[in-house]
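First comes one chain, alone, set out as structure tokens in the form predicted alone.
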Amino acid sequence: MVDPATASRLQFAVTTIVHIVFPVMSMGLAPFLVYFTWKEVRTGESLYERLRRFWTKIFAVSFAVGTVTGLVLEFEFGTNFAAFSAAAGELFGGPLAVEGMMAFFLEATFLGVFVFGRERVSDRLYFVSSLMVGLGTWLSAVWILVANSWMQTPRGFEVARQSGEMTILLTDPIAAYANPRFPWMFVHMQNAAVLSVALFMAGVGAYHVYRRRHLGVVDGGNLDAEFWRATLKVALVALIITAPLQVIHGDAYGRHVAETQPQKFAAMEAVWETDSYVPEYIVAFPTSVDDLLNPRAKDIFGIGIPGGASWLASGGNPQAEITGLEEFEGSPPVAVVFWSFRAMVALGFWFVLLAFWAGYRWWTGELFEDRLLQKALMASSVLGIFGVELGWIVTEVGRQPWVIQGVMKTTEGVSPGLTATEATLTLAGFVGGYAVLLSLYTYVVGRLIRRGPKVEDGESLPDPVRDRAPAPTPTEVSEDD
């Protein structure tokens, strides 16, 4: 059996990793749905109606599954981290309650109008419903990130002892909820969500455009071809805007982390001893074979840019000093944070390259003819979400061993009555249940994408590709080419 603290941390990590997929899809799709609805109402063009109808289905499925998985996460604060909830409930529970009462109900109420009310309300009210759905989705992120950012840079509280137990009292709500980390997390997260969905839509659009070219189908006059080309173009506009912004903001965010959480920054750069002119390691490995599987190995061999980490931490001074992990109480599994950070950064630069590549091909008029670009977009369709997962690993694992930075350790927040057997069994149950849930979601969304849009609720458009051969998967397409 796994000890209760480790099993609880693994369970929360697994459920968060699965859950975050659905809010990312909802938050990222929301601006696209508002745009499609605005164009539909303003121009009356059927293309935008079909775009709005199709992507609303993906949004609705993501919203439903995200609601279920999100509620489970909140329950886990009581079942697995009761000590944390008892100590910080006064401060931590407020944002979560507001998120449920305000953002979730706003989103859920207007989603009903948005999904079922097109023929029942005026154009103006229908467009307002799309705005309210998008606003509710983004407000949910506001309150969740208020709570999480407070755990990263806690402010506006004092620690007291009641019957020997730690109690965290809220003394300054403005300082607590407008803590230094919140704006950085919010901008980075929301931009990442739109970027992730832009990549997903671009991959889906490229997949259908590629199928037609691959099978030698002429597009002339086919409405489905117009639909997927429009999907690809809209997604690429968002990709070209958000990809560079994510890298620029991420660089500034890194300096903020160095200032407010030097321990996390040291883990991101694998700096154990305080030093100046610290290199930016591209790769780093333990010098001993025995330490290859040790995530906290200290003796490492690295290849990097001299002074690069100091330059990043200070914003331009390669001689700047970085405090090493040995100066802090406890440390996270450094290798996990180190490699997650590098993979996330590498993906960020790949997205920028992809955006400029697609933008250049669009400008030269070869967007729909560049098969290599279309395959790259297909292969990258879920990499945005993967990048978000890596970012959350850096954020949450990099904070360890603290659940509230510098105030309460994660091990202190675990439910005191939780046994190893209970924790291990629930961990196994959640891993299995969430795997099934994610598989079902993938199947449903994949089926929607393969079937494509419909003109009316009842019948599909004639599709020369669909009528000609079974739809190959992107992998099959790549292998055939």
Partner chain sequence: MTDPLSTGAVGPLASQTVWFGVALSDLWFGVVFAFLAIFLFLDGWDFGVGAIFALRGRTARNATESERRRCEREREQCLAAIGPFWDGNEVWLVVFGGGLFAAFPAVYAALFSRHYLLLFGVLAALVLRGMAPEFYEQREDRRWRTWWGRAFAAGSVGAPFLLGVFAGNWLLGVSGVAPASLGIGLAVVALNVAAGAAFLRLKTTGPLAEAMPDYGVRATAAYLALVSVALVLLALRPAMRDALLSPAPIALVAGSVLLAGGYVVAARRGYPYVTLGAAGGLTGALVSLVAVLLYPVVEPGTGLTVEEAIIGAPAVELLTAGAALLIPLVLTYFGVLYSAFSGPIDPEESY
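Given the structure is predicted, the values throughout are model-derived calculations rather than measurements. Residue numbers count along the first chain shown, from 1.
Beyond what is shown, the protein has a form predicted in complex with the partner chain; the following relates to that form.
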query: Contact at Gly100, Val444 and Leu448 by the partner chain in the predicted bound form, all three, heavy atom at most 4.5 Å; finding: yes
query: Touches the partner chain in the predicted bound form: Asn80 (any heavy atom, 4.5 Å); finding: yes
query: Non-hydrogen atom contact Arg124 with the partner chain in the predicted bound form at 4.5 angstroms; finding: no
query: 4.5 Å heavy atom contact, Glu280 and the partner chain in the predicted bound form; finding: no
query: is_contact(Glu76, the partner chain) in the predicted bound form, heavy atom dist at most 4.5 Å; finding: yes
query: In the predicted bound form, segment of 187 to 195, 349 to 357, 232 to 240, 172 to 180 with a heavy atom within 4.5 Å of the partner chain; finding: 172 to 180
query: The single option of Glu327, Asp251, Glu369, Glu90 touching the partner chain in the predicted bound form, heavy atom within 4.5 Å; finding: Glu90
query: Sole residue of Ser314, Ser85, Thr153, Thr323 within 4.5 Å of the partner chain in the predicted bound form, by heavy atom; finding: Ser85
query: Partner contacts in the predicted bound form for 417 to 434 (non-hydrogen atom within 4.5 angstroms of the partner chain); finding: Leu418, Glu422, Ala423, Leu425, Thr426, Phe430
